[in-house]
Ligand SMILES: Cc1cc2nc3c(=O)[nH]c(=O)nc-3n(C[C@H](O)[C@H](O)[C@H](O)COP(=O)(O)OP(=O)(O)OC[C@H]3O[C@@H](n4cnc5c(N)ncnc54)[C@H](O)[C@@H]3O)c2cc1C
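Shown below, as structure tokens, is a lone chain in the form predicted alone; questions about how it binds or moves come after it.
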């Protein structure tokens, strides 16, 4: 009996829950990946992430071939078409069971409902498995049966759940199967609507391809950097973070593999061990929390703020300010450095993500959705739940968000986390020769120095705009 495994954001062989179960339920497995470029465009996926997906579909096909599993390719345009294509493949190969790993976003959930119904009409069973997170978002709820809105109690409940359920100590192994007559499809050279070659030649060069590369990055991080993670992670000039986010986003490595590596280095503890490892485990749990939030509160997936009352905020409408922000020409060095890093590399340091997000939503007082969309269009590690969660945290519209009156001062953030201006000078070369006395606020340098920099003065006064944002949020509270 043949079973079908449909890949989505789980482009790996090792420790793949659905693939493992597919092997257990049949004599042979065939695999399928559907390109859905129109759906990706509707979800604002940019060429960097699409190129990363494309490169890993190719790597996946090669890895599966070594196991005797052919990967079929369909150009499905969107989710509706992908449902039809999965059904066609299942029927053509007389499949009784289809296995998928669950995706938690609203459109993806609706697609799987439609797929389940379409397959059931032909007596084909859809099996859904937890893989993108360690636990299913619905598995952890409050005592009253609600979804958590605050991270700290969620984290306690998550740890208790994982201790009680016991995280599997061994990863799921996929076996080589007996050869079958079906051949793998060729990987397409082009993707409709996307020009990915520039991404392949540029930003993606900094991201090695494949499962083995991701596992090496994990090993190197655990062996060399994780114990200093608590403090070093906030310094953008240092290579101190795990750099695994892009691989987790499309499933080149599983969160279980990451958690096992952390536990092995932390004497089996989920907390109360090495402070650096504990902090990184907490970041993995944040990832689980944001998936929990979009699953439990699906209105977030429909462009709404988590705090629905904040949808009434009258955000500024200033295209020139948005253009300055996205192009990295705001006159505020740490903000400009972050936005230029994003354009050049398809990635941005997490501390700087918070700084630029808060500057957009509080100092420029522009709708956080503009920033969320821009990040999604450029980030190689774009992940809806984490990206949305981070933006709504910064804008004070989300679950467990920063209080509206807590607004980062980009100058003090810059001085604290990039004291010598190393990060700034890397991405804002106009300031490369500027003394660190002025590197964070070059507009305060004497005129005879500033005028030689080919740099601009700040587009807004951070002190005044901070107060304006606070007043706007206070006014919202009075009107609701």
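Quick caveat, the model's predicted, so the values are computed rather than measured. Numbering follows the first chain given and starts at 1.
The same protein also has a form predicted in complex with the ligand, omitted here; what follows describes it.
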The one residue among 345, 75, 103, 245 placing a heavy atom within 4.5 Å of the ligand in the model of the complex is 245
Just one of 322, 315, 286, 147 has a heavy atom within 4.5 Å of the ligand in the model of the complex. Which one?
-> 286
Looking at the partner-bound form in the model of the complex, is residue 252 within 4.5 Å of the ligand by any heavy atom?
-> no
With a 4.5 Å heavy atom cut-off, would you call residue 379 a contact of the ligand in the model of the complex?
-> yes
Just to confirm, residue 280 within 4.5 Å of the ligand in the model of the complex by heavy atoms?
-> yes
At the 4.5 Å heavy atom threshold, is residue 383 in contact with the ligand in the model of the complex?
-> yes
Tell me whether 229, 354 and 391, taken together, all sit within 4.5 Å of the ligand in the model of the complex, counting heavy atoms only.
-> yes
Go through 139-147, 234-242, 191-199, 157-165 and give me the stretch that gets within 4.5 Å of the ligand in the model of the complex, heavy atoms only.
-> 234-242
Would you give me the residues of 8-45 that have any heavy atom within 4.5 Å of the ligand in the model of the complex, in order from first to last?
-> none
